[in-house]
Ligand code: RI2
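The data below hold one chain only, encoded as structure tokens and taken in the form predicted on its own.
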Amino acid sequence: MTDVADTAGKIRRMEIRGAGRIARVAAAALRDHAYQVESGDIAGFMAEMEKAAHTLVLTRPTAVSLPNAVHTVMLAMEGTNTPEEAKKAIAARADSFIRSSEQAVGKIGEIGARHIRDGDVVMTHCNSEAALSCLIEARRQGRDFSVFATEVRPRNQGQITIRTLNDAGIETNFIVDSAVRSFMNRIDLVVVGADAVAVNGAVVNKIGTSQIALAADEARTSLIVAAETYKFAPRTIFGELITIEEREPGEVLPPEIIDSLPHVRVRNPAFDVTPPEYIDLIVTEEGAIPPQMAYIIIREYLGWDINEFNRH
């Protein structure tokens, strides 16, 4: 049984990380919470579910997959007349979302792998299930290539990535984030994930991604983004900006050092924005698109319409 408060805490502390994993665990938490709510009427039940949904959405403001997953699950309550009906509908919708999320990663891997050739040198950043799926699938198909993976300070997600690549038998070079430009001229393709995709095709991903994209553009190296459709941000259609989360300074420096430097402010943004002009393709489970077609994904696959925007 997945507890909402416990899940929210783990997401906030990054014990659960990665946009896809966050989305799936949030859906599971809402499903399990529904069966814990004791309410004799549908209005009371919906109110309790809204509180749980709000708690989850506030944990990571940048990961659009989280509100999209919550929105998808909560929609199941529409048209239900009793808590029992609503609970069954929520459970079915949550399980469906979790299955489709897991399948999406596999489909993205199949499509993305086609862009990796024998002899390529590929660079990746952070720890993206979707991006790694492209690399692992290419290796499974017998493609011989190598990878440069970044450290990803300050949370060191790159260490998870290199272990995954090592286990897949992929030759990997591990570099500090600041070494990206030094190696970029050796790179044939950059493959990264995404935490959010805006309507104009701009991609929000782990801090450092935009610098990698800039270096890739300078070196005329192609960059593709691997992103499930539920990472696209519908509300950007109306000019709403994606919030860039800034995390605790203690992730960068120990508190005792921070306390000894009264004139120093430690800044720790967790994400940055890569402009669409630095992106060649966005690979989704529905196919590979140029970033300029991001609106199509929002309109055709996410199930948000104009009236829904006005209600949220």
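What you are looking at is a predicted structure, and each value in this text was computed from that prediction instead of being measured. Residue numbers run from 1 along the displayed sequence.
Heads up, the form predicted together with the named molecule isn't pictured, but that's what we're talking about next.
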With the partner omitted here, the residue among A233, L135, A76, A130 that in the predicted bound form has a heavy atom within 4.5 Å of the named molecule is A130
Mind telling me which stretch in 140-148, 89-97, 67-75, 187-195 gets its heavy atoms within 4.5 Å of the named molecule in the predicted bound form?
-> 187-195
H33 near the named molecule in the predicted bound form, any heavy atom under 4.5 Å?
-> no
The named molecule contact in the predicted bound form: T80, any heavy atom under 4.5 Å | no
Contact flag, M123 vs the named molecule in the predicted bound form, heavy atom cut 4.5 Å = no
Going by a heavy atom distance of 4.5 Å, is K10 a contact of the named molecule in the predicted bound form?
-> no
What residues, if any, in 205-227 have a non-hydrogen atom within 4.5 angstroms of the named molecule in the predicted bound form?
-> N205, K206
